[in-house]
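Here we start with a single chain on its own, the form predicted alone, put down as structure tokens.
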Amino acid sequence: MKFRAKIVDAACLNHFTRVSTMIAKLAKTCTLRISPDKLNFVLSDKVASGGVSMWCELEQANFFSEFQMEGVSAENNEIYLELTSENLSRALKTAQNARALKVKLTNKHFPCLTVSIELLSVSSSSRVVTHDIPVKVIPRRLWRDLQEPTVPAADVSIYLPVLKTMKSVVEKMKNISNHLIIEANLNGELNLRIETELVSVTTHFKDLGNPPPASGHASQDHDPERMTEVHVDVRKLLQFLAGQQGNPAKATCNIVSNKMVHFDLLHEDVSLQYFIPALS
């Protein structure tokens, strides 16, 4: 197994740093999947047992000026590494205004992702800062649990409002209840609602628009006014919203009634899918 990559473009470097910061906010530990043309950050808590899952994908060609990898074998040309997200994010934060960044899979008594950052200095000489991030190589037999999640057909898909606004609403609701109801219809309306024995609070968003239904989905058949809902853990929703910086180019919310909510975001050339299971 081999992996080495290099970024020399400042915009690419900043973008990669932003992605790592987002991942660190979304998942304490995650799996980095390296394949010849893509990098994926994967979180695969079993949704069935109440865990969230995440699939973040970036095309390596949009970030790296050099990229070489050899997977486990010719037919399984991939590498799966488990790492602490915060370690990668912290290492990359030292790369602000760097001249170049190199990432390499190394072995220093244990497997590491070695991040070398070439910093600009006042004199013509450059300084190199190195971070060794411990990783766990995931064996081939466990890969099948780390594939792109299959997205069940949604009962309702809706475009999301400005995420910052949504976050501030959910932050206030978190102080009242641990449970939150997300409901939406095919008329572009989304409600965030909490209900306790003492109080009921709803925030309404209107005119958000609905993505065109995927062919073969039955969602066109039902009444556009009818609300489809899902009950979720308010902290899990807030963690997802807190991980988002800026407003994505595209953000949709797909509700599978009483089963799960699936968020699908596109930030420039990084796609993020995030799944929160329904509370039973």
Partner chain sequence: MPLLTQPIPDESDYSLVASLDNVRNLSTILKAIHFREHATCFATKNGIKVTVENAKCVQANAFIQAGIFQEFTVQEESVTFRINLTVLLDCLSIFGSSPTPGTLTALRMCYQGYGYPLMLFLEEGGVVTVCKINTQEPEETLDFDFCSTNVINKIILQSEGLREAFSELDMTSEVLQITMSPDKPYFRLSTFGNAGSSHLDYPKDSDLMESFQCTQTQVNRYKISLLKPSTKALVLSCKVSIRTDNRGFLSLQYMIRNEDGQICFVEYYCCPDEEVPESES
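Positions refer to the first chain, counted from 1. Please read these numbers as outputs of a predicted model, since none were measured by experiment.
The discussion below concerns the form predicted in complex with its partner chain, not included here.
The partner is absent here, but in the predicted bound form a heavy atom of 165, alone among 130, 165, 106, 126, sits within 4.5 Å of its partner chain. The partner is absent here, but in the predicted bound form a heavy atom of 206, alone among 179, 140, 206, 93, sits within 4.5 Å of its partner chain. Comment: 190 to 198 is the region of 190 to 198, 79 to 87, 95 to 103, 145 to 153 lying near its partner chain in the predicted bound form, near meaning a non-hydrogen atom within 4.5 Å. Although the partner is absent here, residue 73 is not a contact residue: none of its heavy atoms lies within 4.5 angstroms of its partner chain in the predicted bound form.
Although the partner is absent from this view, residue 202 contacts its partner chain in the predicted bound form, with a non-hydrogen atom inside 4.5 angstroms.
Put simply, residue 115 is far from its partner chain in the predicted bound form: not one heavy atom of it is within 4.5 Å. Contact check for residue 173: a non-hydrogen atom falls within 4.5 Å of its partner chain in the predicted bound form.
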